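Shown here is one chain on its own, the form predicted alone, set out as structure tokens.
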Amino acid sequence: MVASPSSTLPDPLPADRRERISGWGGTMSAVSYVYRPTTVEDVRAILELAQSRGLTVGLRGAGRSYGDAALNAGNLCLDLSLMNRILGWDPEEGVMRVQPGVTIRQVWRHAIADGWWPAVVPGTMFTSVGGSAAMNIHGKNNWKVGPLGDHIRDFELILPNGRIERCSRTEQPELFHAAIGGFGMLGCFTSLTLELKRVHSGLLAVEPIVVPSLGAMIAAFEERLAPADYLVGWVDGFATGAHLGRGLVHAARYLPPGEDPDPARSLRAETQDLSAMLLGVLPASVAWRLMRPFTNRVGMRFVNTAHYHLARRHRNGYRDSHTGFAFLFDHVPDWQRALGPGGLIQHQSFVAADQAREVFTTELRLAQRRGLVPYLGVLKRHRSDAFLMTHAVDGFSLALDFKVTQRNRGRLWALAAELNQLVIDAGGRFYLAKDSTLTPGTFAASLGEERLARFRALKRACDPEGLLATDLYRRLFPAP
């Protein structure tokens, strides 16, 4: 068996390979031996190297998971960011084949001028396709089109023994539905085939809806499930009483042929590129520094209150680019750094539609009682899917961002445990790309023993020696 991070083996690899890498949220980091392959043969050689030295291998794409999903303390990190070539593009069918390190940004920039957009995107364009598939990302349109995995036609997966498996819904379907969402524990993607969405304009029609409470926000979602193509809600975590969960919903729809007077312009990649300046004067790259004085309880209460009341005064519909709507936080690069050296964690819970209002209301009130108010809350609508390690339910998710400091870290993890229990009691689930706090027991309770047993069986079949591992995997699947 391969070694754990606590192994007492002598340092077996070159010291210049040792790097400290972090989760995107900045609360977790680890020192690993980092290798950056450029070919499939490189990947195979690194797997063989780790096995020969008794070490494990953790896979890393763009490093955008919030917690420890791409960390592998004391062992190897296989950073796939240099395997970033687009291998094929069919502009008639909207089908693209890519290496795992290709980013969502590369995908849309390559396809947009031909009238195609990724069917599912996360809140940032800088995730890798391989990492996005490993976590089976969802977007603001999940209730309508499902997760990314529903738009992956096939992929090639290299197993720890070096064998490459081709998987699709008809060829090795069990492995197909387990590796997507399998957080890199069954094999390493070497290529993936994506099916994109035809669009007739580079613009979306956006309707802002100001809502006075969480219940009103959920009702606004339900009213727009049919006409909207995207729905997302901003939640003010500081509001209390009758205004608990107040905020702003954005409903967006694609423009049909003919509604955009100049689609050739709006579909150009340069038109979609986000501006390097904010308000025309401030370099976006330094904006996080100006945000830092506000990232405290007093400042964020003011920001949330001002945002809500300004939204009430400006309710007119408008048009936005696909990138402007989809990748809101990319307008401010490295915005998470504004929260300071302690970073942030996000607690994202997924519960059935008929329980969402009660569970999320309880979550917000509990956070306020514990004196740990989330600085940002985001509501989305979801549907269930066919993937083994799915986080989705037919219902809603609420993502709450919490600033982490040296003083509040213990209290924050205790609050997360309480929030996790609320979700489990409601039969809900969690999203490993965002998780930092789940325990083996809470994770098992959320997914169920039957799913976990099937995953463990596939893990034994694909990786009998346990070569693939991360800090997240060891946290949720501790050695017996």
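In this text, all values refer to a predicted model and were calculated from it rather than measured experimentally. One-based numbering along the sequence shown.
One more form of this protein, predicted in complex with a small molecule, exists but is not displayed; see below.
A residue is said to contact a partner when one of its heavy atoms sits within 4.5 Å of a partner heavy atom; A62 meets this definition for the small molecule in the model of the complex. Using a 4.5 angstroms threshold between heavy atoms, T323 stays clear of the small molecule in the model of the complex.
At a distance threshold of 4.5 angstroms between non-hydrogen atoms, Y33 is out of contact with the small molecule in the model of the complex. Among residues of the shown chain, R429 is not one whose heavy atoms approach the small molecule to within 4.5 Å in the model of the complex. Checked against the small molecule in the model of the complex, the residues G184, P374, P118, G202 give one hit for a heavy atom within 4.5 Å, which is G184. The partner is absent here, but in the model of the complex a heavy atom of T127, alone among N141, S266, T127, T390, sits within 4.5 Å of the small molecule. None of 301 to 309, 247 to 255, 176 to 184, 217 to 225 except one has non-hydrogen atoms within 4.5 angstroms of the small molecule in the model of the complex; the exception is 176 to 184.
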